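Form predicted alone, single chain, as structure tokens, below.
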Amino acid sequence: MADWVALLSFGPDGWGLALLQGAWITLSVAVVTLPFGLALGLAVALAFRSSSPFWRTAATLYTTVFRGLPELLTLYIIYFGIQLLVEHLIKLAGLQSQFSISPFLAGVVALGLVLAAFSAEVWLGAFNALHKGQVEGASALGLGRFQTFRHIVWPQLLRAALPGLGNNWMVLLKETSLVSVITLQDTMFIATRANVVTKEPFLFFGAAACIYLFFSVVSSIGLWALERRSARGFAPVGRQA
């Protein structure tokens, strides 16, 4: 037990500080990915509802591809594929230069593309839950499309989508562990390296599990509070007057 405490300490021979830094990278990837993925997912949902067959087809193809591909494969395609593509374009232009994409950016883009594909379905379901009469009523009051969306549609849309988006966030937290394979020094990367050096897999993978569980518990509490706040003014089913 004393050896385990020493290995998890913040001293020169301990891995405590490295694990905290890895946890920070894990949280940073998730927090940066979330708005990108949700915004793109909302755009895809709007494309689904478009009157244009082109945009509806594009949205269908997008969700089919990124919901069907393994997340790890998407990450590899973004990290290695973009570098090879850009370097090829540079050579075609007759230039001599090296291009590289940071693991952090690649992880955010890859996970964001996947998150957008799944969140688009959540947004679409939230749109379908809205009564069309409210939009018609806003139009009758002289509100423009932007005003209608901002003051009428968006508050109700967010309330309806919040449970599903919360699930997307919980999944995203776990999927950030994939970025360790492209050398981003997140929680899993540090735990794996510590295990290789110390030969203590139970200790360090257990520590990584505790970090992810901590993030999940805090997120669950935060999501519960957000759902309660968003439901203010709405009576539970069976208690309407």
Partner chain sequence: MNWCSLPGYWIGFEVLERYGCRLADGFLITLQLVGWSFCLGLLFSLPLALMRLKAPLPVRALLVGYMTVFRGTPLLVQLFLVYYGLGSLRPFWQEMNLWWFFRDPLYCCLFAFTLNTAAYQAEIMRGALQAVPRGLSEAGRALGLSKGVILFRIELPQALMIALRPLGNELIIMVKASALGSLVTLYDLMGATKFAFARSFDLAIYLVAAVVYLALVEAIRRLWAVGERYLTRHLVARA
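Numbering follows the first chain given and starts at 1. A quick note: this is a predicted structure, and the numbers were derived from the prediction, not measured.
Quick note: we don't show the form predicted in complex with the partner chain, though the next part is all about it.
Chemist: Taking the partner chain as it sits in the model of the complex, is Arg67 in contact with it (heavy atom to heavy atom, 4.5 Å or less)?
Modeler: Taking the distances in the model of the complex, the answer for Arg67 is yes, it comes within 4.5 Å of the partner chain.
Chemist: Within a 4.5 Å heavy atom cut-off, is Val181 in contact with the partner chain in the model of the complex?
Modeler: Yes - in the model of the complex, heavy atoms of Val181 and the partner chain come within 4.5 Å of each other.
Chemist: Can Thr192 be called a contact residue for the partner chain in the model of the complex at 4.5 Å between heavy atoms?
Modeler: Residue-level check for Thr192: yes, a contact with the partner chain.
Chemist: Please determine whether Ala93 contacts the partner chain in the model of the complex, using a 4.5 Å cut-off between heavy atoms.
Modeler: No - in the model of the complex, heavy atoms of Ala93 and the partner chain never come within 4.5 Å of each other.
Chemist: I have Tyr76, Phe80 and Lys174 flagged as a candidate spot, so tell me whether each of them has a non-hydrogen atom within 4.5 Å of the partner chain in the model of the complex.
Modeler: Every residue of the spot touches the partner chain in the model of the complex.
Chemist: Scan 106-120 and note down the residues that get a heavy atom within 4.5 Å of the partner chain in the model of the complex; none is a fine answer too.
Modeler: The stretch touches the partner through Phe118 alone.
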